[in-house]
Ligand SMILES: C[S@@+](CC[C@H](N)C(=O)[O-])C[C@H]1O[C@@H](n2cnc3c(N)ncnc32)[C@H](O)[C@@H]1O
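Coming up is one lone chain in structure tokens, specifically the form predicted alone.
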């Protein structure tokens, strides 16, 4: 049954309600890629806050959320629920509530930097109305101009740094680096891939300089003609080298209606748990939720073109093909890479293997464990100590090519 599309906002809410039961806030209509980005942010922050908050068992701790390009940008919800501002504050409060119920002392702090005056005024108005015990610092100006001020305020406290620009100007890696020198610091960078891809080979000198700064290049020039994965590998390498992070990984947020990348989110941190949480969030949001989000977005785009709305149920797949194709390929590549590492270095503890693979491939820790167990069942690998029935591999267990265990990691 088809009816005339006379009330776009009301009907878009209707479309959101007839999918697989997952409602997408109407504020994200037309910007579903931002919804997926914010879902990744929320999933990661929730785990980060609880994990870092656990240090309160050893004494009082203060957690910081630092939003370097706060906005709000293109928000449509008057309460700013569709912004990283609200998501960050809520994640801090929920983490603190978790540990406070056990009698542990957690204090909270947040810093929001925004250079656009109009957006900054919206930010101030929102924060002034929000009741919270968070120590909040809203600052007007460029991110780079406030780096030392951020350092002075958060000192050596744990901090999650969110870098979500509207482009790539003013996002030099040399601004991020000083914020990552302390322990217990994670950074999530939104690489605006659609913009980067347009201008990465532009010969104009000011754009070349902006690219060098963004990719953390200190000498030589930006390599030309790099494909998407090569660009992101370059960014991750330089993030690790320049910003004192041991682990870095990225994921692709697809365009809601086309089969191409819109954002690339890059995580950096000092503990392998960073990778595990990030890849689990990727599987949940990009691998599962995105199927419904993109199905609804494509249907709405079709209805906008035709001027008519179908009232039939929107049936979304349980998995997103975009993710599954990449995950299937990377599972095959990851087990080959794991075997190559074992052939080169001899047996390794599982806890030293999976982080290296999660950096380069869109797989989870559980994926790697499943692949290792399957290879062991086929007689290709050996897991020590041996068990008759095995459903998991512990970090302290040894993995080797079957029959090759004479070399051990140092």
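Nothing here was measured: the structure is a model prediction, and the numbers come from that model. Residue numbers count along the first chain shown, from 1.
Only in words, not in the display: the form predicted together with this ligand, which the text now covers.
- The contact with this ligand in the predicted complex, taken as any heavy atom within 4.5 Å, belongs to 115 out of 270, 283, 240, 115.
- None of 361, 44, 64, 69 but one reaches within 4.5 angstroms of this ligand in the predicted complex through a heavy atom, and that residue is 69.
- In the predicted complex, this ligand lies within 4.5 Å of some heavy atom of residue 37.
- Within 4.5 Å of any heavy atom of this ligand in the predicted complex lies no heavy atom of residue 109.
- Contact annotation for residue 166: at least one heavy atom lies within 4.5 Å of this ligand in the predicted complex.
- The closest heavy atom approach of residue 292 to this ligand in the predicted complex falls outside 4.5 Å.
- The stretch among 247-255, 139-147, 201-209, 328-336 whose residues place heavy atoms within 4.5 Å of this ligand in the predicted complex is 139-147.
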